[in-house]
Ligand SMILES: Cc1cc2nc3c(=O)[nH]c(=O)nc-3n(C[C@H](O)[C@H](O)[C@H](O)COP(=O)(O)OP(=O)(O)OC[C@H]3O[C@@H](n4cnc5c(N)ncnc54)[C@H](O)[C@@H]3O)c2cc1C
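Single chain ahead, written as structure tokens, the form predicted alone.
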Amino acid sequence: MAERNLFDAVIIGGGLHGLSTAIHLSKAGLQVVVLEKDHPGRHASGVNAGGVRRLGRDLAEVPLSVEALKVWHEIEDFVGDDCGYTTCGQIQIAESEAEHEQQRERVAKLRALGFDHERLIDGDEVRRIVPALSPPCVGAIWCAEDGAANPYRTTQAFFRTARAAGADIRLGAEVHAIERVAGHWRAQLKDDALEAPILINCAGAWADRMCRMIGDDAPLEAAAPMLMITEPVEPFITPVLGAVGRMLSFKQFENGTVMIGGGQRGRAAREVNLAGTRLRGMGNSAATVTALFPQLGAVKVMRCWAGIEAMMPDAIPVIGPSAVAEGAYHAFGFSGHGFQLSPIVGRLLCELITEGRSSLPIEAFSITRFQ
């Protein structure tokens, strides 16, 4: 085999988590190749809402999310670009006392674990932060230092940084088979094969296929979260807004356009590499928004889209070593909220590979939980 096809690590998937891992490993001195079947940002990494939030995280994700936000506040130091990041804050509103009580319990659990980034506020403070909100609101959880970024710009910045760090990134490189050969992993492409002692599965909605090739298994579902964006309107909201009792993620940009998401799903057809939108789901999102902000009822939707995302049954990712195969690692299944975690996930995988340990707790993300 030609020398150019021998590496220290093969990463399958050129989304944010694969690229972040490539950056950290390359900076640690490893010769890395990234195999991306399309191009960076083609699926989940480049077409999400760009939320940079600690708010509402699964408790297992909180230590990772808190550490990741430190990187986001200095993101230009990491990837040479500000990625369109703004510290606009994120707020989750409660429209009833029962919902607000859920929030009190949530914040109390975080406090007991030593985290104080989520702050419980009353209805009056909500009105000061979001004066345009229409229905009664009894309170909220407020994360003033959370924010949002531009997903496409972020993915391209990670891509450039990984290449500049020395990673060999091959686009249009779909992996058809993986096998173990003389202590190395061999990733078979259509007309080529690459080998390394380390294999890292960051294949997103296709990661379960990679798992099966190495002997692991994970109950992954391919889903298509939908987003839409409106024509520009006068500024009326600064933070990213969500709600306890509504499927909603809502953000206004500096140019006045409003991005609307929050869990409505389109059609994911990963066998043909496409995601499609559903009018009914977009209608549900529009109805939710106009219930909170009636002034938007006549505003035109200019564009809508969906991306293919990997969803796990427990809605938290798989991060860590293979359950059965030496030298194989996983980072996938981020279930619609992996964008913010990407800088830290790459670092943790690098630690596992180069030091044999992770500096943050990742036991909850083990692939063994499904076996």
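Because the structure is a prediction, the values reported are computed rather than measured. Heads up: residue numbers just count along the shown sequence, starting at 1.
There is also a form predicted together with the named molecule; it is not shown, and the following applies to it.
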Q. With the partner left out of view, is F78 within 4.5 angstroms of the named molecule in the predicted complex by any non-hydrogen atom?
A. no
(Q) Taking the named molecule as it sits in the predicted complex, is D82 near enough to touch it, meaning that at least one heavy atom pair lies within 4.5 angstroms? (A) no
Q.
Is it the case that G139, even though its partner is missing from this view, gets within 4.5 Å of the named molecule in the predicted complex, heavy atoms only?
A. no
Q: Please check if M210 has a heavy atom lying within 4.5 Å of any heavy atom of the named molecule in the predicted complex.
A: yes
Q) Is the named molecule in the predicted complex near all of I169, Y329 and G346, within 4.5 Å of a heavy atom of each? A) no
Q: Have a look at 173-181, 283-291, 131-139, 109-117 and name the one stretch with heavy atoms inside 4.5 Å of the named molecule in the predicted complex.
A: 173-181
Q | I23, C350, I12, A9 - the one with a heavy atom within 4.5 Å of the named molecule in the predicted complex | A | I12
Q: Please pick, from G320, P63, G56, G336, the one residue with any non-hydrogen atom lying within 4.5 angstroms of the named molecule in the predicted complex.
A: G336
Q. Counting only heavy atoms, which residues in 49-69 are within 4.5 Å of the named molecule in the predicted complex?
A. A49, G50, G51, R57
